[in-house]
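Take a look at this one chain, the form predicted alone, written out in structure tokens.
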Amino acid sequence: MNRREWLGATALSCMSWQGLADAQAPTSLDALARASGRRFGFAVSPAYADKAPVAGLLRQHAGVITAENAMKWRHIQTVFGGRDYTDADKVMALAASLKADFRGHTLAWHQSTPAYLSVVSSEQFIRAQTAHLQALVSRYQGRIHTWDVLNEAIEVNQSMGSSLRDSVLSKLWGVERYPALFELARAADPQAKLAYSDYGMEQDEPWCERRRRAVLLLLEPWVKRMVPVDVMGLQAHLDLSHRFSATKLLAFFDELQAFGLTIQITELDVRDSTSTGSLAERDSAVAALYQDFVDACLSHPAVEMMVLWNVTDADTWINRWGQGPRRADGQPMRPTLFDEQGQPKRAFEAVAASLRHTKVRFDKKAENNV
């Protein structure tokens, strides 16, 4: 057992009997989050969101819903010239039935661009991207809490010397026109918050630090130009094989807050691809990282929302084919708060404890309303 696994097992085993009872008692994660002025939720697909055990877990715990794939451009426009909003409408209806905030995901992402548009002219691409964005935002106007406007525009490991990703978006839309995506979204729905979202900035690794720097370099001139970006979305796909430093993460949050941005944790889960030991030891290690990360996030007043990417280990994207490294022993990973049967794991207990003990969120908007 490595140090994190040992610490996780020790921390959980040393909880007081009353604390353990509190953590195991049925509770609503969103209700706990609301106590500090935040929201808590999940990304889901209509393929399983209305089925047990996910449907029941959402009713109990979800104050935010994100459409995992249903609002991505390639999912909506699968045939040239046609649009199908059936799945997007289903997830929107689910959020409404739960009285949950809805996150729109995502308006511009190189991996969700319809394949035929990779070979058109820049002028054709700009017209198509603009039409898609305006149609999607207008369709759900007034019902979206936050739009992920631009997704994953940085890439610091390229040889081209730029920290911006070389993609269909950078080539055909143009990096200098990225702010126009936010302006189009604001015009189509003035009430929705607008987010830039990216991954790989949460842990204590040199490549994560380079990505943090790259994001700040991207956002700073936008803020100075008053581009309508309101939120930094951190995907937070964590991994037990990487170190974590609350100090470094919170310093990054301070810089984002200085730009006037709020922070949303948008795709949280924890990979245990290299963790060894028994199932209980693996779950303890996952829970320990969850608690370290959530404690850090909830200590910062700019963090307003936390969304888990999928609900149970049975529906997690991490265990689907082609989604990154697998475990050497062939076992599925256990990256969510609930096991394949929907039962809460130690990670649930850890996150509930973090939410229960966090301080009330206090940001500039709250200060102005006092």
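It should be emphasised that the depicted structure is a prediction, and the values quoted were computed from it without experimental measurement. Residue numbers here begin at 1 and follow the sequence given.
Below, we turn to the form predicted in complex with a small molecule, even though it does not appear here.
Q: Would all three of 239, 283 and 336 be in contact with the small molecule in the model of the complex, where contact means some heavy atom lies within 4.5 Å?
A: No: no residue has a heavy atom within 4.5 Å of the partner.
Q: May I ask you to choose, among 319, 69, 36, 312, the residue with a heavy atom within 4.5 Å of the small molecule in the model of the complex?
A: Result of the distance check: 69.
Q: Under a 4.5 angstroms heavy atom criterion, identify the one residue in 178, 253, 109, 125 near the small molecule in the model of the complex.
A: Spelling it out, the residue with a heavy atom inside the cut-off is 109.
Q: Look up in the model of the complex whether residue 77 has a non-hydrogen atom within 4.5 angstroms of the small molecule, and give yes or no.
A: Contact check for residue 77: no, nothing within 4.5 Å of the small molecule in the model of the complex.
Q: Answer yes if any heavy atom of residue 235 is within 4.5 Å of a heavy atom of the small molecule in the model of the complex; otherwise answer no.
A: So residue 235 counts as contacting the small molecule.
Q: Looking at the partner-bound form in the model of the complex, is residue 155 within 4.5 Å of the small molecule by any heavy atom?
A: Because no heavy atom of residue 155 falls inside 4.5 Å of the small molecule in the model of the complex, the answer is no.
Q: Mark residue 275 yes when one of its heavy atoms lies within 4.5 Å of a heavy atom of the small molecule in the model of the complex, and no otherwise.
A: Output for residue 275 is no: heavy atoms all beyond 4.5 Å of the small molecule.
Q: Looking at 96 to 104, 114 to 122, 146 to 154, 203 to 211, which stretch has residues with any non-hydrogen atom within 4.5 Å of the small molecule in the model of the complex?
A: Only one stretch qualifies here: 146 to 154.
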